[in-house]
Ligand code: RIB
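First comes one chain, alone, set out as structure tokens in the form predicted on its own.
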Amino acid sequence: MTRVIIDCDPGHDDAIALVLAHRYAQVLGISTVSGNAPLSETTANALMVTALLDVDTPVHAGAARPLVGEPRHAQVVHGASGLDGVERIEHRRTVESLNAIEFLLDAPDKDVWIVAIGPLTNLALALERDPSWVRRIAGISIMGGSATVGNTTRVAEFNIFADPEAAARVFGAGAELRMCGLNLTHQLRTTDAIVSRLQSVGTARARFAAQVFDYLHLRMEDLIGEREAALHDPCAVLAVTHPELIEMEPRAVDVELEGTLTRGMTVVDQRSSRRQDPANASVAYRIDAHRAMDLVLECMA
């Protein structure tokens, strides 16, 4: 099985990504970061998911704020806890350490993928300590950015917008990168029919997933008038566990830091001719959404 470290900010779709990763990969550890909710909440949520799965995956708490500016959170979607609407699981688990950066630097091996599904602050801090770190891992699979429109701003996706300086450092580090942006992740969507299927399964993780999806549907209904939700973060897991499901193209990607309207935008070179900038990432464009959702449902059984 593919060996991975999950760097995350759970988050409803992060929680589903953690379930997916523990089914289809060997998860060496989880590092948490401020993002969808403050660090204390994202770390608590990661620990709760390990309790749900009854696994002893170590959880390491990381950065509580971005490299520049104040923390940004996505409570409008995920609530104050990051996992609002989900029945909390009582447990006695605690973090392995408060130093996710050291864990990231110590753990890697040539076959280990970092699956980064939150703001990229922890990875940027690891690179600050050791720029050669990216040459000692297999690569980084990112849920972040977009080759089209944004969600936090017109052009910026939340994970990148929450710490664009960190993202710029990661995209410029020379790592093997796979980028699953909004242009891809919106192709993998949940529905009320999927919630009904999960409710009929009867397992604890299926009930958990049904609560996650139902809450997201309620939020999306309020925000955009549709009872569907994109499963963003699981795409970055599938990009390393089931890459055959995702079509990617090599592209040059930079992160805009200065633009009044474009700060946090992932600027993807999509010119079909006269392209001169060297590619630094494999950008995902299409996913076999039917098979991908089957995998999500299979791991809930």
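These numbers come from a predicted model, not from an experiment. Numbers for residues come from their place in the sequence shown, where the first is 1.
In what follows, reference is made to the form predicted together with this ligand, a form of this protein that is not presented.
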{"query": "Contact residue in the predicted complex, chosen from L182, L177, A124, I137 - any heavy atom within 4.5 Å of this ligand", "finding": "L182"}
{"query": "Stretch from 45-53, 248-256, 268-276, 229-237 whose residues place a heavy atom within 4.5 Å of this ligand in the predicted complex", "finding": "229-237"}
{"query": "is_contact(M143, this ligand) in the predicted complex, heavy atom dist at most 4.5 Å", "finding": "yes"}
{"query": "Residue contact check: F158 to this ligand in the predicted complex, 4.5 Å heavy atom", "finding": "yes"}
{"query": "4.5 Å heavy atom contact, I117 and this ligand in the predicted complex", "finding": "yes"}
{"query": "Contact flag, S81 vs this ligand in the predicted complex, heavy atom cut 4.5 Å", "finding": "no"}
{"query": "Sequence-ordered list of residues in 240-274 near this ligand in the predicted complex, where near means a heavy atom within 4.5 Å", "finding": "none"}
